[in-house]
Ligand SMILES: Cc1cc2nc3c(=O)[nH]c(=O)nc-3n(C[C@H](O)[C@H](O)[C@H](O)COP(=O)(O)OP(=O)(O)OC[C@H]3O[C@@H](n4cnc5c(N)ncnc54)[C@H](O)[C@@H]3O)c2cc1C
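Next up is one chain by itself, shown in C-alpha cells, the form predicted on its own.
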Amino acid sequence: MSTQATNTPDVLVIGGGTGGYATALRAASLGLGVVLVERDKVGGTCLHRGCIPSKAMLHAAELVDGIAEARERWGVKATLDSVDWAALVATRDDIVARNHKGVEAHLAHAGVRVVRGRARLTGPRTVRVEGALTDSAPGAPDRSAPGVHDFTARRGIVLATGSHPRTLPGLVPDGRRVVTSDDALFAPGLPASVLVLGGGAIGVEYASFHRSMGAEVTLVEAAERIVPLEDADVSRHLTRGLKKRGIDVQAGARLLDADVLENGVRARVRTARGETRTVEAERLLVAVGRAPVTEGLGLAAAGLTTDGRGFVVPADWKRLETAVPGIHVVGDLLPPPSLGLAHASFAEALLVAETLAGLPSAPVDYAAVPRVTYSAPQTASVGLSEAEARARGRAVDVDTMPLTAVAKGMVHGQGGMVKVVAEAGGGQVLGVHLVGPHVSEMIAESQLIVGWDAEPSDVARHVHAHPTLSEAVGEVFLTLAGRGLHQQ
C-alpha cells in the first residue's frame, strides 16, 4: 500500500469516540479503506472520562451501599472500615485500559489506519491533519511521521468530534474545588461534601456516587424537577429515592453566585420558594450539559455551518448526511432528536458506514433508543412519556405499578415503579418507564416492545419469571390487556 494510496481513503472519520471508531470498524468490515483521525485516545469521552469509568465507580458505590443494607435490613453485622481510594482508582483505570486496548486491537485487526493529530476540513472531500501518524493497516508507511498530512476521501467524510462539558459564567473548573463531569472522577480523593449543579442524568449519577461514599450532597436543578426530560413519574420516584438516601434535592432552584475558597466553595442558591440559601461544600460539580466540539474543525471551508446551539444539522436524517453531499455526522455533534448517548452513536455509525458503502440501511429510530440513569435508584426509559404522548394528540391508556407490589421488589426494598403508556383501547405501546434497582438491565425487553410497535396483548401472552423484578413489567402489560392478576 503506497503512501499516496493511504492518503486517499474511501472514508475519513474525524473523531475516535464511540460514533467515530464504530463508523470506522463497520466501514472497514464492508471492504472500504478507512482513515480515523483522533487527537487524543480512541474511545473518546465515554471510555476515558465518562460512561465506563463512571459506571465502574458506581459499581463500587453499590458495593458500599450493600454493606449498609446488609447491616440495617438483614442482620448481617458488617461494617465499612474505609475506602481505599487508590485501590478503587486502580481498578477503575485497569477496566478503562483494557477496554482501550480492546478498541485499538479491533481497529488494527480491521485494517483501519489511525492518525493522531488535529483534523481540519479544507474542502468538501479534503482534510489536513497536524500530528503524528500511527498506522495499523498492513503495508502502511512509517509508524511515526510527524508533521502536516493531507487526505482526500473518495466516498465521504464523517464528523464525530464529540462534545465537552458546559460550565456557567464565573465558574472556572480547576480540577479540585470546581470540577466538571470530565474531571470529577479524577479529582483528588473523596470530598466530605459536594454541591452538584444540574439534575440531569450526569448530575444525578455523581450525586448518587458521592452520597454512597459518605459525602453530604446538595443537588440543584433549575427545571421544576430533576431528570426533566423523563416522564414526570420517573422524576417523582427518583426524587423520593434520592431524598430517602439523604441527598438534598433542590429542583426549581438556581445558582446565584459562588466563591471559591481555599478548601472548597461557598454558593448562594435561590430555591423554588424564592428563599436564598448558602451552601458550603468541599467540591462544586458542574453538570449542566455538554456542547458540541467544532472549534478548529474548518466547517466553513467545506461549506458547512452550525445551528444556534453549535450542532451540525443533517440535511437528510435518513442518511445523517449534511447539506454537503458526502459529509455525514454522528454522535454529539447531532442535535435532537439524537440523544447524545453512546449506544445511539453506535446505531448512527452503522447507518453512516452502510450508507457510504452503498448499502440500504434503516434510519435510526430515536424513539426506540433506551435512556438510562445509573444512580441508586436507577431509571430506564424508552419511547414517549405520558405528557409527550398527550401533547401529540394521542389518546392513551396508562398503568403504573410499584416494584414493591412484587416479591422481588420487596426483597430489594428500594421502591421504584413500572409505568407503561399505550394507545387507548389496546393499541401500540408508546413508552415504558422504570425506576428501581437494576432497571438498566431490564429495559431491553421494553426497547423491543416499543421498537416493534407491539400492543399490550402481544406482551401479555409471554410469561415472565417469578419472582423477578421484570415480573412487574409483565403485570402491567397483563393489566393493560385486561388480564390483570395482582393489580386491583
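Each residue number is its position in the shown sequence, starting from 1. Keep in mind that what you see is a predicted model, and the values were worked out from it rather than measured.
Keep in mind that the form predicted together with this ligand is missing from the display, and what follows is about it.
Listed stretches are 448 to 456, 47 to 55, 65 to 73, 432 to 440; the contact stretch with this ligand in the predicted complex is 47 to 55, by a heavy atom cutoff of 4.5 Å. The single contact residue among 297, 364, 312, 288, judged by any heavy atom lying within 4.5 Å of this ligand in the predicted complex, is 297. In the predicted complex, no heavy atom of residue 191 sits within 4.5 Å of this ligand. By the criterion of a heavy atom within 4.5 Å, residue 162 is counted among the residues contacting this ligand in the predicted complex. By the criterion of a heavy atom within 4.5 Å, residue 238 is excluded from the residues contacting this ligand in the predicted complex. Contact annotation for residue 384: none of its heavy atoms lies within 4.5 Å of this ligand in the predicted complex.
Residues of 321 to 351 lying near this ligand in the predicted complex, listed in sequence order, are 330, 331, 332, 340, 341, 342, 343, 345, the criterion being any heavy atom within 4.5 Å.
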